[in-house]
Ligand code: AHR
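First, one chain by itself: the form predicted alone, in structure tokens.
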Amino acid sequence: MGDSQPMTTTARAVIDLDLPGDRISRHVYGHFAEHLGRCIYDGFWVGEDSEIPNVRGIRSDIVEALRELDIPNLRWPGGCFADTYHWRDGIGPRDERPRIANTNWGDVIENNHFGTHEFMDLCDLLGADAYVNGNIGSGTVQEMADWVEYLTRDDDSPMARLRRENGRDEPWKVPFWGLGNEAWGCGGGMSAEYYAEEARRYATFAHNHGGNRLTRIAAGANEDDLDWTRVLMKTLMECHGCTLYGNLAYQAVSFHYYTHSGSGINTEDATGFDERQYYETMAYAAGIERIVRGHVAVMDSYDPDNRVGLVCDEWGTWWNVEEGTNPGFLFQQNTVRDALVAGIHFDVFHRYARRVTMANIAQTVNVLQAMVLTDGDRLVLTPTYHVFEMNKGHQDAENLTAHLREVPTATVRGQQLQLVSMSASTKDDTALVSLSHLSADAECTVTVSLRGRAARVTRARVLTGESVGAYNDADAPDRVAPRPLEARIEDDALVVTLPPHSFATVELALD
């Protein structure tokens, strides 16, 4: 590709193992399940009468696969669907629930068989915290307040009684609550100023019931709309009466960032792309650091004490749908390229652990950059799934700054793209080093000086394929899967040679 060829095949870095930094919240490894395409129906939910093994209608092999990721939280019911969803439609006997039109995604009929109780049952099976996204776009303050009460109150209140009538005696714990979604777009076409006032009003009535404490998340910016974040923070921090029982009305603000090759979402294929598109995708993925840095700077100017978290509750790649599938279902394949996008994102989330408290990949099953794809009774683990599994040791670990001293680069659209991305963390006398090598066609020997503590390699794995476009399917489910990687400690340095287009993790025991 001419100007995008790597300049060198060596890289050097330094990690101070004895200088742990901010804790990496496990919630940056969160997931997203919207009533979209085959994510819920024919994904998580197959129904109790299905021949596919299930627990109370929830597909068993998906639960088993996701439990291997230590999935920390699951966002539901949307997305754009959240601001058309009225929760009372999804409770009570399933055969009595009203049918609605899902006008956002495919204009199909939604039977509401998967509702509040089914979602909370799914979270229990996964061992995941619930992130419920409330409806501001077409809902009411009372509707949202009632939903919070229905889920979390434990006494004889009207909503607690209704929950018991529907078969659930004890309340659930719901740690995370979204105040609408993409209010600048499908969530209502609002201005930042109007939405900030609405978010404060809705948050005031989203009460903490009993021992349940909500982290209320305001619907934030699209990519680098820093003015949206500025308005939210100004409204929150500078307004008299903007506190809720001594606490801030909302405890986090979100933003969304989808990766493509620069031509826009849903404009290029998930497979069959060329080298130019590959490198442009890597550059776009790396651009999330600029986005995060900008939002963090705005938040720091209003909130130097880090009281408000930054949440990227939709991220991932967005390609054309697979041929022959419903365009509104957003079903796409998942390649090595997608896995490397995930690796880059996690490195950024780790570096900004002081402020970034949650992230949710879009989406978990059969939609966009999914963890798993289903084909009838067969289940396929995607390359992105393996990045989440290989990286799970970073959850709730302390970030270790990785100083890149020498790194190969490529020129992409006139800008320099570093072809090695890395991050590291420590927990319980261990360390985990993650490396994304972005060169399409060259190996890279990485030497990482390890300072402050002695270390030995306990495990090293690499994820790659024959090409950047390699993917798994039902006929070849392990075409892209983790394999052992040679790694050694030499003169107090970790030395590893990475294949082209690969993601690797090295686990260390620290003395």
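Residue positions are given as counts along the sequence shown, with the first one as 1. Quick caveat, the model's predicted, so the values are computed rather than measured.
Only in words, not in the display: the form predicted together with the named molecule, which the text now covers.
A single residue from the set H386, H256, R351, H209 has any heavy atom within 4.5 angstroms of the named molecule in the predicted bound form; that residue is H256.
This chain lacks the partner; the member of W105, W147, F346, W172 within 4.5 angstroms of the named molecule in the predicted bound form by a non-hydrogen atom is W105. Each of N181, E314 and W318 is positioned with at least one heavy atom within 4.5 Å of the named molecule in the predicted bound form.
Only one of 27-35, 40-48, 447-455, 64-72 places residue heavy atoms within 4.5 angstroms of the named molecule in the predicted bound form, namely 27-35. In the predicted bound form, none of the heavy atoms of L340 sits within 4.5 Å of a heavy atom of the named molecule. Proximity of G79 to the named molecule in the predicted bound form falls within the 4.5 Å heavy atom cutoff.
When the named molecule is considered in the predicted bound form, Q363 lines it closely, a heavy atom lying within 4.5 Å.
Among residues of the shown chain, L330 is one whose heavy atoms approach the named molecule to within 4.5 Å in the predicted bound form. Residues from 365-393 that approach the named molecule in the predicted bound form with a non-hydrogen atom within 4.5 Å are limited to L368.
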